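Coming up is one lone chain in structure tokens, specifically the form predicted alone.
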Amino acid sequence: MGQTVKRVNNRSLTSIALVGAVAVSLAGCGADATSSDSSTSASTEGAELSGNLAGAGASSQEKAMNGWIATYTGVAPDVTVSYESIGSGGGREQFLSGGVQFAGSDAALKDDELESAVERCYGGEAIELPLYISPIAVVYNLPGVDAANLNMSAELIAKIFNGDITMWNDPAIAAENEGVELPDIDIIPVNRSDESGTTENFTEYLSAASNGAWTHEASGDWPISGTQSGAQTSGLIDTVTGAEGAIGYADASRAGDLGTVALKVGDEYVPFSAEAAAKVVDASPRTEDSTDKRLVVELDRTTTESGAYPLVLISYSIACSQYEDEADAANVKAFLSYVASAEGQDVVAAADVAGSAPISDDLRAEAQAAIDSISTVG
């Protein structure tokens, strides 16, 4: 693993008091988390877990993973969990090659990756669980603009990132922002330079909702050359922050002090929030190839439901249904159970951790059933 591997302890979070309180409460969570059909106490099961558990993948999950890993020490103090934030594509590659026990990915596994997962999982299959749900924010650097949010339709955003609209005071932007004084400066679109699940979600939204203004297919690789870019979420945010007039897209938890866009949904403009993100996820169907172990959601990007925010990132936790090593199976099972638990979801929903949207109780029950199926070979 590279130098960016993070082994997080309680001191890594900004809110030490929150971590301490949650860690104590997780003793109760651990009973369900470790084994849903066991009567063994949580503290006893946590004490039986030990060893190293390595994960890698989506940088969008980095803050959430920091929160989960830090508080998980209260459940299983003898397990060292690490997560390398290398992007969704890199995480899936590391997982499929056997380099890590689990991965985080903003996109579901592709058909060829599902085939590779059979060998990697010792004849089993990949488990894909949507345990991190977060809005993607369209962020901009316009310190002189006096507005809580700039309003934009998907068509307007597509024209900006296509390079069809190049100035911030363009009449098309002004038309959606009546009364806002827009600066006479160039727009600098910024995209991710690496293969990214966030990019795939963003381009999927533009492709579906822009009324044809975005002519490219949804992809994790940015389709336009010669643009400003940044590697991973942190690199994109740094690039936008460093240039007045820049606009980009990132997991909303990383927006910081940058301005953010309210998206046009039906006849209203909706700013991002955990509640608005959860609303569109609950209203969306599963993909045709989803199973009881692969809970893959087909997001409705064109929803007109009031209060829904359709530019949402669902980041999956990917694991094997079978592991060769008994300790690996036990550690993956226990950690993902904690991540899916109500307590685990509440940890990362906190604004000072990741500000994500907690999964529903129904989705949690499905995820837990899939996690409970994890076993060892033979």
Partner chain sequence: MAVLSPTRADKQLNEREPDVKRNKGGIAGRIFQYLSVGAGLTILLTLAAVAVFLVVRAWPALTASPEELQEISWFSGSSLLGYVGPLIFGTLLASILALLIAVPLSMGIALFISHYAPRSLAQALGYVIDLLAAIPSVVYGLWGALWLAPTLDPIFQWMTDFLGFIPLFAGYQPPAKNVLTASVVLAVMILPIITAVAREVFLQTPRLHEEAALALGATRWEMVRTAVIPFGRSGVISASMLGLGRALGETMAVLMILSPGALYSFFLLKPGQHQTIAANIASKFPEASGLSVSALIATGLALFVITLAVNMFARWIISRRSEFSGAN
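Numbering follows the first chain given and starts at 1. Quantities reported herein were computed from a predicted structural model and do not represent experimental measurements.
Only in words, not in the display: the form predicted in complex with its partner chain, which the text now covers.
When its partner chain is considered in the model of the complex, only one residue from 291, 287, 306, 227 comes within 4.5 Å through any heavy atom, namely 227. For the options 125, 275, 164, 238, the residue carrying a heavy atom within 4.5 angstroms of its partner chain in the model of the complex is 238.
Not displayed here, its partner chain is approached by residue 87 to within 4.5 Å at the level of heavy atoms in the model of the complex. Residue contact with its partner chain in the model of the complex: residue 188 places a heavy atom within 4.5 Å of it. Looking at residue 194, you'd find a heavy atom of it within 4.5 angstroms of its partner chain in the model of the complex. Contact between residue 176 and its partner chain in the model of the complex is not found at the 4.5 Å heavy atom cutoff. Across the options 253-261, 72-80, 267-275, 228-236, residues that bring heavy atoms within 4.5 Å of its partner chain in the model of the complex belong to 228-236. Within 4.5 Å of its partner chain in the model of the complex, a heavy atom is found for none of 99, 113 and 198.
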